[in-house]
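Form predicted on its own, single chain, as structure tokens, below.
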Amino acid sequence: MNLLIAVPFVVPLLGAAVALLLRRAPRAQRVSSAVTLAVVVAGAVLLLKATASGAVVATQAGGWAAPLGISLVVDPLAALLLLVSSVVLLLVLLYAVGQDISGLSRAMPQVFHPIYLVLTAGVCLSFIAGDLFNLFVGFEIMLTASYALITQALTRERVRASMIYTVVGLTSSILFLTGISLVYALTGTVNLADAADKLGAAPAGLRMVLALLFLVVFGIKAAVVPMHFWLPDSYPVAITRISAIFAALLTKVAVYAIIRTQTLLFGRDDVSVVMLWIAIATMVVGILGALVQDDINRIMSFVLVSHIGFMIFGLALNTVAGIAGVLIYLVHHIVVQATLFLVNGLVRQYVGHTSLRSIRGLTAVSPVLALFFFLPALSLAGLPPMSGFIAKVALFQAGAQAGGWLVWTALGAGVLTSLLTLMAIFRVWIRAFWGTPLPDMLEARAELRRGPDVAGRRIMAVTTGAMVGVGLTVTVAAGPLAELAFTAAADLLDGGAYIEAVMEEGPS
């Protein structure tokens, strides 16, 4: 089990080195990358199986016991996110392979594959890091890879977006390092389990300042209002495969970090009022931004910002039911956002863009494409019986149980945001998928059917369909998912099992 914990981080790094060596053999490089991510998925399945009952597994790399060693820890929360993230990473990679085979992307596959696997390693390390410094390293690996990925197929717009993205990322990283330094100065450790124990003796005022500082650090990365401005300007302009994985995972890794630090390190400090106001602002401002956009990718980006607010709301409740609702929402949102951005990539095949001003009749052009959009869109809007509905019900029930005027205000904002999300989604549906198709779109369909690159397009369609299937699976498996989420939430709020597993685990 000790070696298995390192698999999600080490295997993608080794896979990146192999992909780099195979840069002159595209077919072998694609197979190597896919096998690498399949191994990560298999490792995540075994880790989830080992922790599903609430167990926490830990290992100390480097031959030093905690708190001096490098702690790698997997609990039910980390295992669940490792599995969902690795499945999405694998399917997006296969979609990218389809794009490369069909010649639809100007990205350089020989560069894309190694960097994509490095990004995978960063995402996984963030989930399994047992100390603040390696959490920082995980974020930096992930962000460094994302800086390179967002500039694939350079345009003026992408250069501008990458500059904004880089500056914001560096700013939050500097604040993150500042927070780590302050925790070390206060406790003499950066190990999460050790610091959780020692922070109890620190003055309450200092703990509150640190809790707010880490909330700002990860709030920037999660794009909560008012620190969200960078996301709608950067994600929509990246190429489809990059937009999909950024929208699905990067902000969710930041939400994970907020959950981990606010429950384990600062569980004694009540920042729920601040988080509730942030949740309200994020939900409302994000969805109002979506309603005034005319580009599908920008609409989805603003909706992404808005729905981060739902997760902050659940965390602010600081109850088992609230955090369980957040975990269900995380899983649902990772899958749905990735699916919708992949669908948007398929839309580009017919019109070359995603602007609502000159798209109509996509249902007549491709009924399958319409179905691929419709199902995850229903889930995003929170309509029954989709996973989005289940996640929102879980959050709203938790809010109703918690009570209080501010919580009820946040619940009202959540209901309003759900209705406005439905409006935004149906606006896209009516303008892009309804009506008589444009003549250019019919010509594009005929061209696609007789083109020499059909195989690549089929791979893109099949992987998008597989993502839709994963979303439906989340809906069907809502019962077991909710059970696991409640187990993980109880572990998070207690913290005892996590601390015990790390501090009692000897060096590997």
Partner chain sequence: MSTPGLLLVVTVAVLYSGGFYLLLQRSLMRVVLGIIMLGHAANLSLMLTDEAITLPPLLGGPDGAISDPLPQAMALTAIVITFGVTTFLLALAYRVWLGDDNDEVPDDLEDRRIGRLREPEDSS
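For clarity, every value in this text was computed on a predicted model and none was experimentally measured. Positions refer to the first chain, counted from 1.
Although not depicted, the form predicted in complex with the partner chain is the subject of the following passage.
**Q** Using a 4.5 Å heavy atom cut-off, which of 75 to 83, 321 to 329, 144 to 152, 418 to 426 contacts the partner chain in the model of the complex?
**A** Among the listed stretches, the partner-contacting one is 144 to 152.
**Q** Sort through Val273, Val368, Ile174, Ala201 and report the residue having a heavy atom within 4.5 Å of the partner chain in the model of the complex.
**A** By the 4.5 Å heavy-atom cutoff, the listed residue in contact is Ile174.
**Q** Under a 4.5 angstroms heavy atom criterion, identify the one residue in Trp277, Phe374, Trp408, Phe133 near the partner chain in the model of the complex.
**A** Looking at the other structure, the residue within range turns out to be Phe133.
**Q** Counting heavy atoms only and using a 4.5 Å cut-off, do Arg156, Leu170 and Thr178 all touch the partner chain in the model of the complex?
**A** The answer is yes; Arg156, Leu170 and Thr178 each reach the partner chain.
**Q** Are any of the heavy atoms in Arg431 no more than 4.5 Å from a heavy atom of the partner chain in the model of the complex?
**A** Because no heavy atom of Arg431 falls inside 4.5 Å of the partner chain in the model of the complex, the answer is no.
**Q** With the partner left out here, check for me: in the model of the complex, does some heavy atom of Arg298 sit within 4.5 Å of the partner chain?
**A** Arg298 belongs to the contact set for the partner chain.
**Q** So in the model of the complex, does Asp197 come within 4.5 Å of the partner chain, heavy atom to heavy atom?
**A** Taking the distances in the model of the complex, the answer for Asp197 is no, it never comes within 4.5 Å of the partner chain.
**Q** So in the model of the complex, does any heavy atom of Val111 sit within 4.5 Å of the partner chain?
**A** Although the partner chain is absent here, Val111 would stay clear of it in the model of the complex, with no heavy atoms inside 4.5 Å.
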